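Let us start with two forms of the same protein chain, each given on its own as structure tokens and named structure 1 and structure 2.
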Structure 1
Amino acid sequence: MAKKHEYGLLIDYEYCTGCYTCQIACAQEYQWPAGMGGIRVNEIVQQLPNDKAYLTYLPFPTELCVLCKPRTKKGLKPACVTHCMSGCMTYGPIEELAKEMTKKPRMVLWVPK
């Protein structure tokens, strides 16, 4: 059975600092105008008991993410992954990335394409 969706992006959101590098790296790579692009960064402020809060950032791949096909076929990593300031994004085969997810919490696997 042919695999339709082979690759994904693994995000370790414990270490995502909300630097917006992924968002801009994609915009630069594909010359998206401001407001569009393959990935958008979200700030999530979690309210916790006892007036506590927790700050998380999470990049979300949009309809425009092509998983950097033009780069990956040349053996390059996706533009967002290459530049991610925290090194918290990994590109690879879904099964491998899923295995990574068993090693530590606060991970999310995106399969945009």
Structure 2
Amino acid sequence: MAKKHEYGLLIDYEYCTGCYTCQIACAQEYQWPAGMGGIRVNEIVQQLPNDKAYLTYLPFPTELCVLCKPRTKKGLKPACVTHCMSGCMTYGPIEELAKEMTKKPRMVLWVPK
């Protein structure tokens, strides 16, 4: 039987500014080598019909993300949440985070394996 996870990570893409602080905080927390980490910020450039571009940043956890289990066991937030400069990441009980998702369209809820 699969283990039930009680906590997750909610990311509100509307407010991500692409500062990459979450990615850097994770890499430093776990001393990942370059190119590895528990979260990646994806930069997406969309070309608009009027010769303008729309830039979007999408932070998304990777398969390496364990939501900073050693930190959260001590009552601390995951490193990415603690250092997120725009405040677009929230760590908490899945049920509460799922309720928050109903309020806005551009959110994702991450629950590790």
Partner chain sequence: MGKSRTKIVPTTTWSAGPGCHGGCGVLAHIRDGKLVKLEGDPSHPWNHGRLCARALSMTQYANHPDRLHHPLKRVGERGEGKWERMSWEEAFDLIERKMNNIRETHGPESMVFAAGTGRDIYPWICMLAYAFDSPNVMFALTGNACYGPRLAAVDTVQGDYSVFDAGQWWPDRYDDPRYEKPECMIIWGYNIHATCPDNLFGHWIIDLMKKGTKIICIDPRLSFFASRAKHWLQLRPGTDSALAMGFLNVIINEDLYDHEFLERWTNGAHLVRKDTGKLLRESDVSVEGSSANYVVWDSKREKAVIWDTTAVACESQDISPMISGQCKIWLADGKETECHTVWDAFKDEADKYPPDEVEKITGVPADDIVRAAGFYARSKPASIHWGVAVDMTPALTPLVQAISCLWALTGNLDVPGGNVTARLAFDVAPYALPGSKGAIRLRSEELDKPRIGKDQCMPLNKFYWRSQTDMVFEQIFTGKPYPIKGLWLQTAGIMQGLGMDPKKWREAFKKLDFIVAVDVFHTPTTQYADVVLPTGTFLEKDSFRSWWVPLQSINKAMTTDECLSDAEINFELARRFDPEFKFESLHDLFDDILKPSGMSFKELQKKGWAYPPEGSSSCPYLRHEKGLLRPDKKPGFRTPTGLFELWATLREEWDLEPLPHHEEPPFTPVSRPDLAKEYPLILSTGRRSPAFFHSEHRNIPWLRDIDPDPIVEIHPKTAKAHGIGHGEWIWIENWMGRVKFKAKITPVVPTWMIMAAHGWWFPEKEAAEPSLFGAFESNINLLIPMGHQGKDGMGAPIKHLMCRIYKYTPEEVTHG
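Numbering for residues begins at 1 and runs along the sequence of structure 1. We call the rigid core the largest set of C-alpha positions that still match within 1.5 Å between the two forms. Predicted, not measured: the structure shown is a model, and the values here were computed from it.
The form predicted alone corresponds to structure 2, not structure 1.
Core-superposed comparison between the two structures: the C-alpha position of residue 45 differs by no less than 2 Å. In a rigid-core overlay of the protein, residue 55 has its C-alpha displaced by at least 2 Å between the two structures.
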